[in-house]
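Here you get one chain, nothing else, as structure tokens; it is the form predicted alone.
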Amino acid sequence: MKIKHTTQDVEKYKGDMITYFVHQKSKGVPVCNNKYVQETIMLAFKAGDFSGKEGEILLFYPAGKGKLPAKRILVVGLGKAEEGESNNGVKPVDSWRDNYRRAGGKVSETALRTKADNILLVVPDSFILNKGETTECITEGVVLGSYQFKKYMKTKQDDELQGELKEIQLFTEKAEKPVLLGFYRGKIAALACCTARDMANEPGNVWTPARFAEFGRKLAKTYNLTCKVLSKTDLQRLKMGGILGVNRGSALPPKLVILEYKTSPRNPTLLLVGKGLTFDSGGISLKPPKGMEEMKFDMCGGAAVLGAMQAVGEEKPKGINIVAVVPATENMPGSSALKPGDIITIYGGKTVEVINTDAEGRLILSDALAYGIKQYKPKAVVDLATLTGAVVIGLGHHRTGLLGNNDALVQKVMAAGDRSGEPLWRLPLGPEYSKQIKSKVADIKNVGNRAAGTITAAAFLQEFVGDVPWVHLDIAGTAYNFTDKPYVPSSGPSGTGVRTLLELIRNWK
């Protein structure tokens, strides 16, 4: 798919669809700067069919005098500009950012439904966001909304409705620097998110620990990053009992994939850690069969981290070093599998009593966190993991659970989530929760009782980060089957976390 910016005359565009965006008015007809389109909006408004409400669309086929040459014209409603959500009656900027993303997603949704392969979007003159941000968010929305995963669909069904976008153009009258920057930022973020979705959509027999390693090396080669892959032998030498323990039931060897983006030793290092469980059967503590096919998504944290590194490679941010670590393995019930009651030793020497082998994510993350912190001395750490079903019970599929030991870092990550349209909700940590994972036969155990399961999982990870500023994102509810938006699939992986990490990096100070 081609994605490009253009300043060429819209009224000469002969592609499949041109899109305009309009605001709803408190009184009267929504205003479009194209006279021909405005006439049709007027007719639809008088008929009561279109008022410019957020997400409302008007699709028509140009005909008659002064018509545009494109096959279709789409008008997307943005809602009332004066609609208030904050105390002063002004909708927050971050909400408008997502408004424009959703509008972009509506365009893709309509294009796919009507099989419009080549489309052009006229970026609106927004007085809410600057032109650069408007372009950025609409670009994100239309690219993310166009995502499909059809790699394994070898035969087309007669009733297949979805088309496939081949070219997306974003139009502004001038190719001003802020506009071009917004376009490229939106494109880079969206494509990185789509990369993470691709990884997660691959079946467990394809996306293995070795594929994580292969992809890490590919990113390093493409963007001049440094990649190091620790093999099973390396993990044994380093005594990483968490990854090795979880891997014991699998026929596939584990990997620890490390990617480095370096600027200067004087600059701070941000450590990103993503859970790379390529398939999770639960091990000996076997999961129920219903829904187990979704456990190929248990590597979405690792996918998000590598997706973010793809964007880092494209943008090459200044003033920061970034290290990404992905512990990758399967969790299978083989004859050598870890058993409930076993005791393992994590990198650094802390011992863990394994109560439930299905609480495996925290075991592989603990090795990765302890190793990453010791080796790279980061200024801050963020980990992402589809860690607990409890976070889905608590927050549904609407917000990612966030826990951390440093208020300043927590606020930075929360702000990044808001700007990217990936909302977060902070949960508490404290000694009262850590008490629940104290063991009578080892230093700690890998689960407490059922109460506060998301928090006790984070309390477990906290044992391996020390005093380093750290934030944990439990994406079990948002990595797949996330709240339906026009730019997020209604089922399957969302790519959540990629754009939050990218926003954090872009605004790092």
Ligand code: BES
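Numbering starts at 1 and follows the sequence shown. Treat the numbers as computed from the prediction; the structure is a model and nothing was measured.
Unshown form predicted together with the named molecule; subsequent notes refer to it.
In the model of the complex, the named molecule sits within 4.5 Å of a heavy atom of Lys287. Although the partner is absent here, Ile373 is not a contact residue: none of its heavy atoms lies within 4.5 angstroms of the named molecule in the model of the complex. A residue is said to contact a partner when one of its heavy atoms sits within 4.5 Å of a partner heavy atom; Asp383 fails this definition for the named molecule in the model of the complex, lying far away. Interface residue remark: Glu422 is not counted as part of the site for the named molecule in the model of the complex, having no heavy atom within 4.5 Å.
Residue heavy atoms within 4.5 Å of the named molecule in the model of the complex occur in exactly one stretch of 262-270, 294-302, 241-249, 317-325, and that stretch is 294-302. Checking Val143, Ala111, Ala359, Ala192 for any heavy atom within 4.5 Å of the named molecule in the model of the complex turns up a single hit: Ala359. With the partner omitted from this view, the residue of Trp470, Tyr480, Phe464, Phe50 that lies near the named molecule in the model of the complex is Tyr480 [heavy atom within 4.5 Å]. Within 4.5 Å of the named molecule in the model of the complex, a heavy atom is found for all three of Lys275, Asp280 and Thr388. Shown without its partner, the chain has Ala476 as the single residue in segment 454-479 with a non-hydrogen atom within 4.5 angstroms of the named molecule in the model of the complex.
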